[in-house]
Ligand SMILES: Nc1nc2c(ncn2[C@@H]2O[C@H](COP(=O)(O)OP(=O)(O)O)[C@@H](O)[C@H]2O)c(=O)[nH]1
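In the form predicted alone, a lone chain appears below as structure tokens.
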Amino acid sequence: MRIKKFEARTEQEAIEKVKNELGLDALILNIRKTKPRGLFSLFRKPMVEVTAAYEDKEAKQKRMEEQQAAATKEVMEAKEAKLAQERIHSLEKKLQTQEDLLAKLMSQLSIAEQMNQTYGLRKYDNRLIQLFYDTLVDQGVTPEIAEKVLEDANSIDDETKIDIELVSKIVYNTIIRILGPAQPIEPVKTKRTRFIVFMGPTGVGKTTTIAKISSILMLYHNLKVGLITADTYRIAAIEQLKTYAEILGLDVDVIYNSQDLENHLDPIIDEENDVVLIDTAGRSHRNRENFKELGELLALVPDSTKLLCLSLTTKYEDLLSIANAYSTLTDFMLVFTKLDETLCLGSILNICYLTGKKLTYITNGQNVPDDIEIAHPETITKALLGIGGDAS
């Protein structure tokens, strides 16, 4: 701090001098009246002297920088404290989840042991491996695939097999690896219109699934969506899609053959749609003529994403036959429908294991757009192992 004195005829004038020269941050230390001195003092009026303290520019700048640094440090410390608290909360939640899962496994293990003792049904000497095997098979996983899933867990030494947490983690990660990460439609705007083609047998819920995804892309992600239906074999399918489209404020282009589709492509792209969803007719995987028509249609949109819709209420053998038939036509990803109509999820694991195809969505009802979820492998795996409720 520096000190400076100011004189004026009045106190107000002196303070004004301080403000004008030193600014509003100056600190008044003392105010006093001074009597004139010298030969002509009798003819002079008393003066007012104001003593003020002030900071020079460098000192003031340094002080402000220090204050800013202190404030920044305080904010950073608060953020770090909050992050630390969140990490602790997340870890506590994770530990609690693991404890809950282990508790469920222990309970299931006890029940399974009683069943095996009663009926003498046992494939594995290790009771924990046997529990996982029984659970997977009960969920509709084929015995052969269940054995493949358990290979790594069963190959560890007998002493390690008693570690429930380790064995559970091996089995869990094996299933996660088979299912792979879900690959839903990315809800982002791109420079070019994206085409999504929905395929599958009649009655699996393609049209309703299209309505759900259209709603999500429009209402939640503000994308411009176009709709095309090639399912002219069922008038009800066209009317159903038109009804959904009317509610959403969309137009539906109806096409009857590949030439119609070709005529519609340029106009629908010119409308600057972000995504165009194409509903194809339900095709019997045994009808080669129908497959030929579908192949001609797909050839017009070679860069499209293809989604094969499969119902979880369909027998596993038929699902595999359908998936294999469509595999000869094009590459695709999987949508599983009608989860609300079955308790078994084993077909999901079976088909992913045997075809290597990736998951996108699972639907679990008729409500638009609510009854659809991204097919998260973690949720499906927990449901398959009986430790996380169902996949819905």
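From 1 onward, residues are counted along the sequence shown. This is a predicted model, so every value here is computed, not measured.
Quick note: we don't show the form predicted in complex with the named molecule, though the next part is all about it.
Shown alone here, residue 364 lies within 4.5 Å of the named molecule in the model of the complex, counting heavy atoms only. With a 4.5 Å cutoff on heavy atoms, residue 240 counts as touching the named molecule in the model of the complex. The closest non-hydrogen atom of residue 207 lies within 4.5 Å of the named molecule in the model of the complex.
Contact check for residue 340: a heavy atom falls within 4.5 Å of the named molecule in the model of the complex.
Only one listed stretch (356-364, 22-30, 325-333, 45-53) carries heavy atoms within 4.5 Å of the named molecule in the model of the complex, and that stretch is 356-364. Residue 203 is the only one of 267, 143, 203, 181 with a heavy atom lying within 4.5 Å of the named molecule in the model of the complex. Heavy atoms closer than or equal to 4.5 Å to the named molecule in the model of the complex belong, across 13-33, to no residue whatsoever.
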